[in-house]
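Single chain ahead, by itself, as structure tokens, in the form predicted on its own.
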Amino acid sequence: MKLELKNLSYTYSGGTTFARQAVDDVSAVIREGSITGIIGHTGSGKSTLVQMMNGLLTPSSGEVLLDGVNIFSDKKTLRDARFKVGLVFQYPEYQLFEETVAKDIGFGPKNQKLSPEEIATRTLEAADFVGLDRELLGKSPFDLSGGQKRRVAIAGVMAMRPPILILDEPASGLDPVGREEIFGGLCRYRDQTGATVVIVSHSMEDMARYAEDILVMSDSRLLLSGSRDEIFKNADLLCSVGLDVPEVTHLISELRRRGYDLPDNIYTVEGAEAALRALKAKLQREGATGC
């Protein structure tokens, strides 16, 4: 399913002395089946933008198109869009409310008027996507750890099987293991369902590791959009708006500056490890042959 933003703008408290432009004339195409990151400093318009993508906020102007149809065309189109574009808010664990984990995950499918059998199937499937032990499904969500609650909340949206899944800072506040589990589940969901995944994050390391395409927001406007490599090659521009490239990229750049033959498109620890191993092997070969 193709998601396109056309000249999208949103003003809070429009027409008053307190009016504030949150999103200003943003146009972009989210590539179908991609993992797309949205980055930007606090107040850049990221959260407002994604809330318009699933119709939670109505734009002041512009359109959100799903397969070419404006989701704000009428009430039915808007309602359908909210099932097709799943949105997970920041700290979604605070929105849990059911008696059991299974009921919380199955709440969305139940609202879709699915059969009890289908709800049960989707509940188990979503729990597996986020790495949630099935033994926890009968427990109260309020008895779980913070990371487990986060996974329950994300699974609740996945259970509706939205072709487009949007998450606002899904790993915020989690330790490295928790982050890995959350992002690993999102990758599995994309790989197994073919869904489009959109992730809002302030972590450049997360964006470098998981995002294929990136939108950069700055002062309510879209500053840059493109593939991960295209975005991170604009290090100076990113720094000028309070962002940066991953730390490992700085390390590789310094090694390149000192004369080491390394690629200029390394943004992850795994990529750096592979490049350094290849360089070491090359130097050993050259040393063995006297070159």
Partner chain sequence: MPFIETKNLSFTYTDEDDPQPVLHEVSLSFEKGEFVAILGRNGSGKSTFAKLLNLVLEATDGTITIDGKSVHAELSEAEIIDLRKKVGMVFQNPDNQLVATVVEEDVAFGPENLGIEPAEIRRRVDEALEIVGMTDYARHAPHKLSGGQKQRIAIAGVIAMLPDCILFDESTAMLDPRGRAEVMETVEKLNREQGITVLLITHNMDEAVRADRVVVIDDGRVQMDGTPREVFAKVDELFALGLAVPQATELAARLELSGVPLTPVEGADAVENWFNT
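The model shown is predicted, which means the values in this text are computed figures rather than measured ones. Positions refer to the first chain, counted from 1. Throughout, rigid core stands for the largest set of C-alpha atoms superposing within 1.5 Å between the two forms.
Beyond the structure shown, there is the form predicted together with its partner chain, which is absent from this document and is the topic of what follows.
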| property | result |
| --- | --- |
| Options 222-230, 63-71, 29-37, 252-260; stretch whose heavy atom lies within 4.5 Å of its partner chain in the predicted complex | 252-260 |
| Listed residue that, although its partner chain is not shown, lies within 4.5 Å of it in the predicted complex (heavy atoms), from Gly173, Gly138, Gly184, Gly194 | Gly173 |
| Single option in Asp128, Glu212, Asp80, Glu205 placed near its partner chain in the predicted complex, where near means a heavy atom within 4.5 Å | Glu205 |
| Contact of Leu276 with its partner chain in the predicted complex (heavy atom, 4.5 Å) | yes |
| Val248: touches its partner chain in the predicted complex, heavy atom cutoff 4.5 angstroms | yes |
| is_contact(Arg20, its partner chain) in the predicted complex, heavy atom dist at most 4.5 Å | no |
| Proximity of Asp25 to its partner chain in the predicted complex, heavy atoms at 4.5 Å | no |
| Cα displacement of Gly43 between this form and the one not shown reaching 2 Å, rigid core superposed | no |
| Large Cα move at Glu254 between this form and the one not shown, threshold 2 Å, rigid core | yes |
